[in-house]
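Below, in structure tokens: the form predicted alone, a single chain.
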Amino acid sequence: MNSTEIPNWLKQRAFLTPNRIALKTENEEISFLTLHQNVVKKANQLTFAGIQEDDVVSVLMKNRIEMVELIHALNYIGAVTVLLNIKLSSSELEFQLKDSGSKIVLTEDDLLEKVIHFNNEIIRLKELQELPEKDCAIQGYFSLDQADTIMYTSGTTGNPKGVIHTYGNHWWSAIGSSLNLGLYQDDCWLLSVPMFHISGLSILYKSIIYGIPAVIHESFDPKRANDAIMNQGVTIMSLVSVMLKRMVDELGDQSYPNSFRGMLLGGGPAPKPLLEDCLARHIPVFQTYGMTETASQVVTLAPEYSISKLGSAGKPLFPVEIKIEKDGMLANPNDVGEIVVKGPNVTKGYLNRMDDTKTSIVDGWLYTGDMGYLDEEGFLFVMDRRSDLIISGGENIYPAELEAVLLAHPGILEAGVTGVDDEQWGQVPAAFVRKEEGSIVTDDEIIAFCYKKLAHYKVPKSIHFVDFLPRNASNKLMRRKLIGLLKDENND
């Protein structure tokens, strides 16, 4: 091993702490040694199936122990893993399989219909379990520059781009997080976000690198998530605002045990009323900021600032630098501009997209397309995606700010804001609202409520009541799809 390599992390973990619990579900617990042994078997079976070092292999699965084992098995072989979003349509998946050059698709029966018509070779879990083994030359070390995974971003226009993650990206993401949050002997991370997203995969890798258990849920359920904190020893959880709101509502008058260390809240700016509610209930919430291109979080609020800097995403993690640029210049404190980050967890580029890579990554600095500002002490406050920005009569309106006000209304469960074309102002904000059950709030009442909280030009010019808001598999709001709800409304 040299300075540009790290040990095969699961193999090393199984050697260091073989009897510690690696994974928990509602039905079973698996030690690191057992996980390693299961992974060796799967790596041998995949080798028999013809998968070799440097092959590109796609995984289309729900959260489950077998998915964990397959991800590590592909690591052992030295293949590159493409993690496919199970919510995508067949045509979207077809593009990603072709673009990535995937040799084989590993999937399960429930998802087979999405990919069965493609030319790619497909191996189902049931078939894999019956395959013979062929000894795999297990990778003893991972090069920090070696490509490990590819995840496709859901871009606002055109086809999505495949973000290349190296082993070094994932390693430094885990190290940066532990240097901020610390690492406790009894730590246990709840994994209820999809493993095909960076938030889920990063938890999986942290579990191995830290030597702590991960509790795996197939999907998010607020009651099960609360039970895992109350009864299964979970000390940390990663989630987005809508998930936290559902958990707090389900929790009722109960309290989390003192052993629970914190909610890592990502996925965009959080409504301040929700943060204040959690503060009143003594639920530790640490806002984070990150993206697929940064291999998860790059900015996280340190625990001691959770009250004094409520609403901030915090300062950059130890190995990361951050700056704000406005009109090509370094912005002054409190001036909103584009968030630009640099660090060893930043992707080296987009697959087959040299032009996009050169545009987005300049001298190692990633231009995120997100808007925010740094205060005088260097704390980051995230405003919005630049692509979501509403410009009305020359004024900048950030949808997240309006959504936070709307969510403070007791009759509103969910809210999304986007810009609609307007002859006079260019764009005006429109709000899409899902009511609390039993609420009879009207659009006039909501607009009057907003006038008390916002400058007049920021107040939504229309309120649209909906039964759902478009969200991706990580429960992040997809504002660009709100306009589609407006079209559906007009067709009714």
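It should be emphasised that the depicted structure is a prediction, and the values quoted were computed from it without experimental measurement. For every residue, the number given is its place in the sequence shown, counted from 1.
Same protein, other form: the form predicted in complex with a further copy of the same chain, not shown, and the subject of what follows.
> So, in the predicted bound form, is residue 256 in contact with a further copy of the same chain at a 4.5 angstroms heavy atom limit?
Replying inline: Judged by the heavy-atom cut-off of 4.5 Å, residue 256 is well away from a further copy of the same chain in the predicted bound form.
>> With a cut-off of 4.5 Å between heavy atoms, is residue 249 one of the residues that contacts a further copy of the same chain in the predicted bound form?
In response: The answer is no: residue 249 has no heavy atom within 4.5 Å of a further copy of the same chain.
>> I'd like to check something about residue 361: if you look in the predicted bound form, is any of its heavy atoms closer than or equal to 4.5 Å to a heavy atom of a further copy of the same chain?
In response: Contact with a further copy of the same chain, no.
> Is there a heavy atom of residue 145 lying 4.5 Å or less from a heavy atom of a further copy of the same chain in the predicted bound form?
Replying inline: Residue-level check for residue 145: yes, a contact with a further copy of the same chain.
>> Counting any heavy atom within 4.5 Å as contact, can you tell me which stretch out of 351-359, 201-209, 408-416, 119-127 lines a further copy of the same chain in the predicted bound form?
In response: Looking at the other structure, the answer is 201-209.
> Among 378, 101, 284, 369, which has at least one heavy atom within 4.5 Å of a further copy of the same chain in the predicted bound form?
Replying inline: Selected option: 378.
> Which one of 333, 319, 273, 311 is close to a further copy of the same chain in the predicted bound form, taking close to mean a heavy atom within 4.5 Å?
Replying inline: Of the listed residues, the single hit is 319.
> If we check a further copy of the same chain in the predicted bound form, which of the residues in 183-198 reach within 4.5 angstroms of it by a non-hydrogen atom?
Replying inline: Read in sequence order, the residues that approach a further copy of the same chain (within 4.5 Å, in the predicted bound form) are 183, 184, 185.
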